[in-house]
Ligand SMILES: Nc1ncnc2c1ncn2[C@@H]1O[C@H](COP(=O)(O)OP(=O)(O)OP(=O)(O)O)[C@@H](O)[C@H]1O
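First, one chain by itself: the form predicted alone, in structure tokens.
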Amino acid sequence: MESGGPRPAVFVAEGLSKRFGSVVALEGVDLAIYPGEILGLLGDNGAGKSTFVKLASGVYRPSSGRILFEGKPANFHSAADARHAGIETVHQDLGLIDSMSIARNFFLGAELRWGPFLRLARMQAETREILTEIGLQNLRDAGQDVSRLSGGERQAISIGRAVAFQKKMIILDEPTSALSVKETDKVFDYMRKAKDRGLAVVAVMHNLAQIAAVADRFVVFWHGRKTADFANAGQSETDLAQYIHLGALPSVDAH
């Protein structure tokens, strides 16, 4: 899906910039992200991807420019503000607690209670239901510790949590890092299920073959600026690498 898609953008950056003293980490970024798309965020180390993610997720505040979320100005002062608005960010460490159960991790910060008591059976049932819907099969016991799960299953919990709590946008930072091919394919399925449910999915990935297999659209950051925004039309890894290293590819029409 390219700019000007049929549905209004859920997230819009207008002239978004971030400076740290004399260092410009991000400069004048305009970017719209739409419901029901997977956006691949590309760029070398230091290109501005991490800064953009931290601005979008409320960790940083912009030096200039603004963010609109669901059509309204968003003044995030913290990651909790962004999460409350509907943006879920899944970092590489996933933020899961190994010593707690799948269900407790799933409902972390939003536990179901009956007075002072946790409604564990209800939490486990709802966890199984949502994780099954997004494609995690054979989950027999949502009461087992997260430490027993594979990397792909851990990603399913994080993505499923965004679906269950009706988030509008999910940002995945290297979601397939250190996963096997089989596990990576499963994570792609989870991402597509989230997209099909109307979430905007933003994926930051260095593996070009992997991101090309799942993204609907690419945005390239280069030296702190957005230099390309184009639909996935089967570009080769070589083309994508040139975008990343050169900031643009003259032979391809970028939108």
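Start at 1 with the first residue shown and count on from there. What you are looking at is a predicted structure, and each value in this text was computed from that prediction instead of being measured.
Omitted from view is the form predicted together with this ligand, to which the following refers.
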item: 4.5 Å heavy atom contact, D44 and this ligand in the model of the complex; value: yes
item: Partner proximity in the model of the complex: Y60 to this ligand, non-hydrogen atom cutoff 4.5 Å; value: yes
item: Touches this ligand in the model of the complex: A25 (any heavy atom, 4.5 Å); value: yes
item: Interface membership of S50, this ligand in the model of the complex, 4.5 Å heavy atom rule; value: yes
item: Option touching this ligand, based on a heavy atom within 4.5 Å in the model of the complex, out of R197, H206, R225, R66; value: H206
item: Interface segment, criterion being heavy atoms within 4.5 Å of this ligand in the model of the complex, picked from 210-218, 50-58, 184-192, 28-36; value: 50-58
